[in-house]
Each structure stands twice: as structure tokens, then as C-alpha cells.
Ligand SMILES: C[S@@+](CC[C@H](N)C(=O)[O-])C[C@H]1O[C@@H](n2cnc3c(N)ncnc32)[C@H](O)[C@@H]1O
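Have a look below at one chain only, the form predicted alone, in C-alpha cells format.
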Amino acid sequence: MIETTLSGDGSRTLYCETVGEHYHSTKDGALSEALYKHVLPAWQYRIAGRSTITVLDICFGLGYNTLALIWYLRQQGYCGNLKIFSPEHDRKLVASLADFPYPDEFIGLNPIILELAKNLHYADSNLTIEIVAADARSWLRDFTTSVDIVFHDPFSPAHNHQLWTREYFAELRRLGANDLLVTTYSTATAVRMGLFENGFHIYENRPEAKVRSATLASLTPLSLPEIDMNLKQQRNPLAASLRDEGEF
């Protein structure tokens, strides 16, 4: 039996001993974090009204973002075609998810969970999910599929620096559609600067639920008050994006 941690909304998460972090905020809750920081803004600003959507879920982890998206779209009666690609280097973790105690909302998704745990792949008439057992940064270099939305949810910059740099966000922009939307839990100035320096408009995501603020980054303007990153940099000349080692 997997030893899990009860998070703030009653859903379960795990602690990663190797990294020294939980996979989700134990305060906000695993399911709430997936819904309010990723799925709901994706639905509002990109998915609603579109017949085809491609999502890049960085990284798969326990699968909450992918599963919450599928669950929510079913609740909305969405009948479009959804493709989800997600790198996850820990193959054993994905295999263990067949026995993970997910919240009741995901009960109807059990056939999908079992298939992903076994084969890293699921497909039906309007849904395709591909989990890639690889390092995210290395895999992205050869990935060429255009994506509409990125759920950017790796471990924190302190423990996974390479997935938060300006050069990494340039890779996302290369892959993205002209109106690419990136959702992330981080509100750090260095993260927002990395996105801004790649041409993204930056917004505060303030969920109505008791979940802490997050960040939305879009290549096209959203109907939200935009954060003035130029002004932020003027007020703090030391504000700078994270960079790959050896990049200046």
C-alpha cells in the first residue's frame, strides 16, 4: 500500500524522498490545486468552444492535472478531441498509480488510470494520453507537436532548476500555438520574468476557492488585469529570470 499524505482539501498526495517535496501543496490540496490553478483557467481561456485541444502536462507525477481535466470536461459535456502529452521520468511511480487512493471524483476514470499505469498510453474516440518515460527537458528538444496549453507543474525551482529557466520557457514557446497558455502554481518574480522575456503576457490567477494565487502566461492578451513586468523590473533592477548553467 502506498503511504500517502492527506492534503488540505481531503485528497491525497505523496512525499518524494528524493526531491524532498510533496507532489502537491498540502495546504491547498492536491485536487483543488489541479482544478483551480490549471484546469479551470484552461477551460475558461482556451478550451471552451474549441473542438480540438492539445495539452502538455509537465510533469505527470500522480496525474492529478490530467485526470482533473478529463473529469471536468466530462462534467461540462465537452465532446471535442483532447490530446495530452506528459513526460515523467519515474516509471515506477506511474505503475504504482493503479493502487493510488484518488478522490471520489476520479472513480469513473479508473479504466484510464489502469491503462496508463500499465502501458503509459490511453486512447478512445476523442481522448489520447501519452506519458513519456523520459526527462522532460531532454524529451522536449525532439518534441514537435503544437500545443495549446501547458500545465507547468514540476517540483520547485529550488529542486528542479532546469524546468524554470528562460531557455526552458523558450522551448515551450517554440512548441506552442500562437495563443499558447501556460498555467503554473509559481508566483515567483524570476519565473514570471522568464515567461515575460519570451513574449508572454503575465497574469495573476486568483481562484475564488481557498487556494493561493498562481500564474497565467499567455501569448495573446486575456480579459484580466495584466501584470506590468516592465514596471516591476524598473522598481527592482535585480529582478531577473533564471538561466541555464552557462547562459547569460
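Numbering starts at 1 and runs along the sequence shown. Quantities reported herein were computed from a predicted structural model and do not represent experimental measurements.
Not pictured, yet referred to below: the form predicted in complex with the ligand.
With the partner left out of view, is E88 within 4.5 angstroms of the ligand in the model of the complex by any non-hydrogen atom?
Heavy-atom contact with the ligand at 4.5 Å: present for E88.
Please determine whether Q162 contacts the ligand in the model of the complex, using a 4.5 Å cut-off between heavy atoms.
Looking in the model of the complex, residue contacts with the ligand include Q162, since a heavy atom lies within 4.5 Å.
With a 4.5 Å heavy atom cut-off, would you call A117 a contact of the ligand in the model of the complex?
A117 lies outside the contact set for the ligand.
Taking heavy atoms only, is T183 within 4.5 angstroms of the ligand in the model of the complex?
Close contact is absent here: in the model of the complex, T183 is far from the ligand, nothing within 4.5 Å, heavy atoms only.
Which of L62, I70, M193, L56 has a heavy atom within 4.5 Å of the ligand in the model of the complex?
Looking at L62, I70, M193, L56 one by one, just L62 meets the 4.5 Å heavy-atom criterion.
Heavy atom within 4.5 Å of the ligand in the model of the complex: which of E130, E171, D135, E105 fits that? Just give me the one.
Selected option: D135.
Would the ligand be touched by all three of H24, L93 and F155 in the model of the complex, meaning a heavy atom each within 4.5 Å?
Yes, each of H24, L93 and F155 comes within 4.5 Å of the ligand in the model of the complex.
Of 173-181, 73-81, 122-130, 135-143, which is the one stretch near the ligand in the model of the complex, taking non-hydrogen atoms within 4.5 angstroms as near?
In short, 135-143.
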